[in-house]
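Next up is one chain by itself, shown in structure tokens, the form predicted on its own.
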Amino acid sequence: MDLKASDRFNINSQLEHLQAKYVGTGHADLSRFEWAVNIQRDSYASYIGHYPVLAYFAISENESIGRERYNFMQKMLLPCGLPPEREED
């Protein structure tokens, strides 16, 4: 498969469009911590949005569904703890 320069430009422009449209797809300047936060928040949002999964977690932890939803929403605030301190350049 031989890619031409125009094909590579088209693929890169499509990737940039996806990254601008969807935050979770990341970008070149995304840190490891920010990536992990996106993954955790997406997971918690999925758990909350899919009732059978939420019911499964509630049963497995012996909590009510409302309490489990509340716990997941609380975990979405700081899913990976406090962000690491950035180095000043």
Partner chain sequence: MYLYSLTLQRPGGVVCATNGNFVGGKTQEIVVARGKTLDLLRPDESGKLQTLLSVEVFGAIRSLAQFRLTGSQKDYVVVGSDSGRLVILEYSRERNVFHKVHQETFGKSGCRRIVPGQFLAVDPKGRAAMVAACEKQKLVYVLNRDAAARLTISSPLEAHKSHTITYSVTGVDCGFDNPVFAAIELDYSEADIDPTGQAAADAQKHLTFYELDLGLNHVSRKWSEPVDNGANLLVTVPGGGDGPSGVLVCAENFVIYKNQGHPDVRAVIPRRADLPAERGVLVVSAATHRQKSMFFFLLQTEYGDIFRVTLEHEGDRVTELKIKYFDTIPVTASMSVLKTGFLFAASEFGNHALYQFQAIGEAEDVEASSATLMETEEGFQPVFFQPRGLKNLVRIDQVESLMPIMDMRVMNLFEEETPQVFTLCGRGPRSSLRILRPGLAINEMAVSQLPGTPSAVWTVKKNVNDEFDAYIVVSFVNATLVLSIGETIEEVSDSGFLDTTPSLSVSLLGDDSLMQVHPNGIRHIREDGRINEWKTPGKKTIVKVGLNRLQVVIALSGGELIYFEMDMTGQLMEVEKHEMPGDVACLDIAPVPEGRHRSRFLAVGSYDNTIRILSLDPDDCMQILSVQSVSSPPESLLLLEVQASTGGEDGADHPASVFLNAGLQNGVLFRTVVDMVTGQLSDTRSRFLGLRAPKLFSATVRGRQAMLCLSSRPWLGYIHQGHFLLTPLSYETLEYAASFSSDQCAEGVVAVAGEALRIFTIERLGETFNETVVPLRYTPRKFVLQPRCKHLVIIESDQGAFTAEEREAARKECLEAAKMGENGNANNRQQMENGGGVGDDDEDDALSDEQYGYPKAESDKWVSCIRVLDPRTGNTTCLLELQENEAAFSLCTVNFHDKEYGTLLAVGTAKGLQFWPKRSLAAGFIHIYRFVEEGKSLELVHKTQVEGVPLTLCQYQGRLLAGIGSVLRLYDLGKRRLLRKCENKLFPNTIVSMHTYRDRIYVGDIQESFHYCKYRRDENQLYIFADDSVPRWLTASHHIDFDTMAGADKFGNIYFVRLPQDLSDEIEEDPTGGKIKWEQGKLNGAPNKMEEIVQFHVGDVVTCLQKASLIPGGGECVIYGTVMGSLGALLPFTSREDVDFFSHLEMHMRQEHPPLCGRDHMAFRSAYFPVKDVIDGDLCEQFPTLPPDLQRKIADELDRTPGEILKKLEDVRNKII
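We call the rigid core the largest set of C-alpha positions that still match within 1.5 Å between the two forms. Numbering follows the first chain given and starts at 1. Keep in mind that what you see is a predicted model, and the values were worked out from it rather than measured.
Separately, the form predicted together with its partner chain exists; it is not shown, and the next lines address it.
**Q** Can Gln74 be called a contact residue for its partner chain in the predicted complex at 4.5 Å between heavy atoms?
**A** So Gln74 counts as contacting its partner chain.
**Q** Taking its partner chain as it sits in the predicted complex, is His50 near enough to touch it, meaning that at least one heavy atom pair lies within 4.5 angstroms?
**A** Looking in the predicted complex, residue contacts with its partner chain include His50, since a heavy atom lies within 4.5 Å.
**Q** Answer with yes or no whether Ala58 is in contact with its partner chain in the predicted complex, where contact means some heavy atom within 4.5 Å.
**A** Result yes; Ala58 sits at the interface with its partner chain in the predicted complex.
**Q** With the partner left out of view, is Ile11 within 4.5 angstroms of its partner chain in the predicted complex by any non-hydrogen atom?
**A** Answer no; every heavy atom of Ile11 is more than 4.5 Å from its partner chain in the predicted complex.
**Q** Rigid core superposed, CA of Leu78 - does it shift 2 Å or more between the shown form and the other one?
**A** Comparing forms between the shown form and the other one, the Leu78 CA shifts below 2 Å.
**Q** Once the core is superposed between the shown form and the other one, does Arg67 show a C-alpha displacement of at least 2 Å?
**A** No, the C-alpha moves less than 2 Å.
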